[in-house]
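Take a look at this single chain, the form predicted on its own, given in structure tokens.
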């Protein structure tokens, strides 16, 4: 039996990936810029064994829904094909945060699975190769392979669509304070929602502006221009959700709690706390601030009845191997 364990971080996209040029390869309609998170993590142990007759997959102490199991096995098949082996696997995976609520658990999950499975299979893949492989399991997982601040390159082929580090995690002392407003799974998965993106009448306009927006956000990160960076983040999150609201069928991920915090962030800025929101494909809200303001933001969120949990993240490392196996 060959065994390996990896930790994969979730990431928060500053500019968002929505819509795909290629469903099978998960090639995005546009590139995106993100930051890996220090405290939203998936740990996954993979063991290949000739004593197993089928793949055994346990996530967060339980089994998966049928479609999710098939997706994991399909990814294991990619690794088996690369390694030229046909052994079955035991996979045990655990998240330290709620799954399916818009906190990118598929990104951390498939990043950890990709690294653990390829290491257990004896593959020695480069960061680029790992990122390409992770993308085929979950698009945003490719961004969880490198460390720190990351750009997912807008490629038209599998070989040109992968993520690279643009700045190390130490580059900028900012934080992502996550307000968990619901731990229930969203009704429509990100993967399913993506397939209707082109039905929004505003999608062509969005795509025409993304290249310039990505260049702008990289410049603001480089300059550490927090105010303009925050303004761009909020506008981009609202634009993403405008596409979702106007596609057919419409996707409404926000809950009353999400909306209340979005409105309050504006008041908190007026009170002198520089904080900006961004939201992924779900109801939970990410509040971006400079590290010196973490406790002020945490305190504000702590007073709200809608907030079930608060998770504080700083810029984090990418997927990495560990010796702390889950079995």
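These numbers were taken from a predicted model, which means no experiment stands behind them. Residue numbers count along the first chain shown, from 1.
The following text describes the form predicted in complex with a further copy of the same chain, which does not appear among the structures shown.
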Subject >> Partner-contacting position among 125, 82, 245, 232 - heavy atom within 4.5 Å of a further copy of the same chain in the predicted complex >> reply: 245
Subject >> residue 169, heavy atom within 4.5 angstroms of a further copy of the same chain in the predicted complex >> reply: no
**OP:** Using a 4.5 Å heavy atom cut-off, state whether residue 173 contacts a further copy of the same chain in the predicted complex.
**Re:** no
Original post:
Does the 4.5 Å heavy atom contact test between residue 57 and a further copy of the same chain in the predicted complex come out positive?
Top reply: no
Original post:
Taking 4.5 angstroms as the cut-off for heavy atoms, does residue 215 touch a further copy of the same chain in the predicted complex?
Top reply: no
**OP:** Report yes if all three of 205, 262 and 267 come within 4.5 Å of a further copy of the same chain in the predicted complex by some heavy atom, otherwise no.
**Re:** yes
Original post:
If contact means any heavy atom within 4.5 Å, which of 145 to 153, 110 to 118, 246 to 254, 129 to 137 contacts a further copy of the same chain in the predicted complex?
Top reply: 246 to 254
